[in-house]
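Let us start with two forms of the same protein chain, each given on its own as structure tokens and named structure 1 and structure 2.
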Structure 1
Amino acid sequence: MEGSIVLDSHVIETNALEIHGVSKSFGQNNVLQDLNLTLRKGEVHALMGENGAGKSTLIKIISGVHKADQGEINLNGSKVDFHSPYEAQIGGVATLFQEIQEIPDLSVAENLYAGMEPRKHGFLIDWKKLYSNAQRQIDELGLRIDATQKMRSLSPSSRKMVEIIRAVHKRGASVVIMDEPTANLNQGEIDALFSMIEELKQKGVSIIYISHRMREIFQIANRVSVLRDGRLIRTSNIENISEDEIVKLMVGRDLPALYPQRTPPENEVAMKVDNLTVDGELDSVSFEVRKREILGIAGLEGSGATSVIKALFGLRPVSGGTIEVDGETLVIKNPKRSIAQGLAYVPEDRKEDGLFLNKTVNFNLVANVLKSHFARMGFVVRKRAAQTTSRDVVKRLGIKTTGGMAKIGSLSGGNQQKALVGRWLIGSYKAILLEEPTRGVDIGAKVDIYEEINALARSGLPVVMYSSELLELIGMCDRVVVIRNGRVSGILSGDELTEENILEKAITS
């Protein structure tokens, strides 16, 4: 008896969080099975696993979004059972969820302080103090965000940063959970995040960190746990494990090379962009894409790099320039028109611009071609065929779902991303435009998506792709156009295509 008490007090000292035998299923889908995990005081504990392995579900159980079917969670030695993320926050567990949590039409400052707005005269909000407090917090991190702006007007990465500041700066959190925080961030912001994490560690705060980016894991984690199909496969000190070992534990097999073998592009130009201009964002951007070529677009946030593809697809008010595909000049007005003219597009923000979250997987996969392939006079007539086609895509990309009729919003983040890419594998297009095509997908799925992109290019199509992961651009692209201040600052190919060169072109003149 006494012995166990001594043991308990020892546990209190060393472990911030203990998860004992947690199981969870959604209907027939056993997402977590008898899972055990310990989080030590002041450590960064990385959680890795394929898309759909159950990482997000686990943290949602810890933070009170879902209820575990079985098992127990101890926080600083005492059993907890949170019923909402807010309750968890009060109890000392701050969570940063995978999908962005914000009130888009309120200001940055209000998003940071909602529920804790400073007041004067008892009940009136002290706006001056609210804005200056928020601005100070932002400035301290070296971020350039205006606290008075509406969230909606910020770039996706700035929005994520605001959310991070909010979650992390909650006073008193002894455990901070981050679910793929960097998926939306650029390099500067990632650095800011990492220095925040370092600070938290110093204060003895423990962190669960989920990411698919190997590099980050080795940069900041003390230990890593690998999940596969809802089970804990192994927990290891980061020094005692290699990248390859982690990958193998995750997927349960050896992976082929990450990037596919590329076939060189033809000389014939398939797509020609001439003096593309968007007032205040892009200034006379010109480039050509040849048949079978994958052309990368790189640039820091705010450089206009993300605007290039959006402008090509008709999502930005183009004020000048022409775009030719297969010798025909396109009319760039709106996305619908662009699709009709043969452009395929994967947006960077899947929640806002990409998917119909409360529609089925089947619907989402065939949405683009529903009219042309499976319908007559506005009615869906070839339902069976549509289902078969959709099933085929699910299989090709290994999308993890309980079936075609599952709502796409219930899929894990990475699997939603696969669906976003997968829908363009159906139908025929003249050019492919991609933004962050592998955002949030696991390494195995990356290989699949790269292979599909490569296949699209090999079939003769020009592909234009924006990514903030430079290694991805280098691995996939024949040439990379670097954008700075809305202008092309260089086009790199062959041996010049290195991280250093891209960054140099992106930053200095």
Structure 2
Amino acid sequence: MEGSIVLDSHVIETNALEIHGVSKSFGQNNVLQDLNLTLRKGEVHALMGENGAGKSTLIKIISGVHKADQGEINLNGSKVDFHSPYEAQIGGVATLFQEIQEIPDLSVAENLYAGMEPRKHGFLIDWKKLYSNAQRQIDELGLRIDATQKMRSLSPSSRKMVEIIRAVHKRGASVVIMDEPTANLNQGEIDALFSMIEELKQKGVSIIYISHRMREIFQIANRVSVLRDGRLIRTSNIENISEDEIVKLMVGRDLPALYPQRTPPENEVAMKVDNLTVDGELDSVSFEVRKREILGIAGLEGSGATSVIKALFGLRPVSGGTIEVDGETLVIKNPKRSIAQGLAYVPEDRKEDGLFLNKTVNFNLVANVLKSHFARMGFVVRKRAAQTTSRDVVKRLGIKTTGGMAKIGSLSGGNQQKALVGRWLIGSYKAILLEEPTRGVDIGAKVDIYEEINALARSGLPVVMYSSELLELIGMCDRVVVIRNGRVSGILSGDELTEENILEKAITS
């Protein structure tokens, strides 16, 4: 019996979670089909698969968000049937979903202890204890977060760390599910997360870990299971499988090279940034981008690297410097003005800043050009043309959707990200600005997105791309600008463009 041991002729169950014959459909779409999976006590079990493979649906069934059509789930040897996330939490399942679940106008401490606030006199919240307990938890991880701060004032990575702390410290949790927990985290925060995971393992807590970052999987997982089209393809001890094998199991075919063959940039400068300054964030940042060039932006958390593209697009108040595109000096005031001047932008947080989640796939794809291409006098008069254009982008990027009228919020994360990139394939732009363009997407979707970014550059456009994944910058970019303390600490290219050199420039001047 898998996950069991025999001692003095008695069988001792060591599985924390057993999933037997679970199936789930949404309409005609069979998302999970007769799935069987076990999670041993005290193990990290990686769950791999392309976006749309069924991973999110499975963890939502375990977490009480969805109900399985058939099959059963056993938790610590007992059959469970959770009807809500609250029931799952009480039952011992803590889930860290990919998108941050927060109350933005409450403090960090209030978010950490929501529903579990320390009390005095039996019913009054002990605010002093609440804040001191929260600050102690934060300080133990070496994080620079003030427990009294409002959540909305934190950076995406700090908000994610608060969510992680809250998830792993759920009262009595025996199973913790982590869906893309390191998205937006810097290396220090990732190290803190992995320390938390190791502590949980030592306490016998079991972890289902979902990530598209292979390096993480081989660093912390004990076993890995691969899903494809709603079915379990294979479960293996991590030491008995390779990265290439996992990728092939995920996609069911051999993939082309992860990074596309680059077309050399032209000598002509297409974009020039001179002494770009944002008070408290950037100090006289200068660089040039040639036609057909993909220029990377790198830097540690707090370095100002994440502010470069935001400033270029008008999301940060620029206090000095000039920006030229095709010889024309741009006036950067706000995103609307930036789009009008020919700048395209893919934001770091697709759900918060990029997509209209309650709108359709069609609307999201044509949103930027709806008025200019398909409307007259405030009314959409070319509906069929808009639908055809949207359908062409869906086909081009391989976006998995039940149709153009489906709400984009119902799509998997990878397909949402494809749609966000696809929006800028419609219309005419002078430069492309990208933040974390493949955040939280699977290997197959990454290949598709990389191909489109490369195609945009190949058409002659300058592309500026920020990514926290150094290998992504090295694989995609012709040159990388490294930011340290708000200033350019180096520009790397050719053989100099390595992880070691980027980190050296990011840490030392």
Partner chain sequence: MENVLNNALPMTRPTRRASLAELAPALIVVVLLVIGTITSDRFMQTNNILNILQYAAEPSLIAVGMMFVILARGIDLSVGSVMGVGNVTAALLLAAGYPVIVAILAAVAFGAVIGLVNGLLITKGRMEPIIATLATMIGVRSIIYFMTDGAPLFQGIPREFVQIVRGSVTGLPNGVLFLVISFLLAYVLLNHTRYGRHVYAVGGSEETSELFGIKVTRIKISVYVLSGVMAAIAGVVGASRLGIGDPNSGIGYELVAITMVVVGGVRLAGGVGTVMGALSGVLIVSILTNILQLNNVSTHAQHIFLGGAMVGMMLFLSWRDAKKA
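Note that the coordinates shown come from a computational prediction; the quantities given were computed from them, not determined experimentally. Take the two forms, superpose them, and find the largest set of C-alpha atoms that agree within 1.5 Å; that set is the rigid core. Residue numbering: structure 1 sequence, from 1.
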Number assigned to the form predicted in complex with its partner chain in this pair: 1
Is_shifted residue 128 between structures 1 and 2 (CA, 2 Å cut-off, rigid core): yes
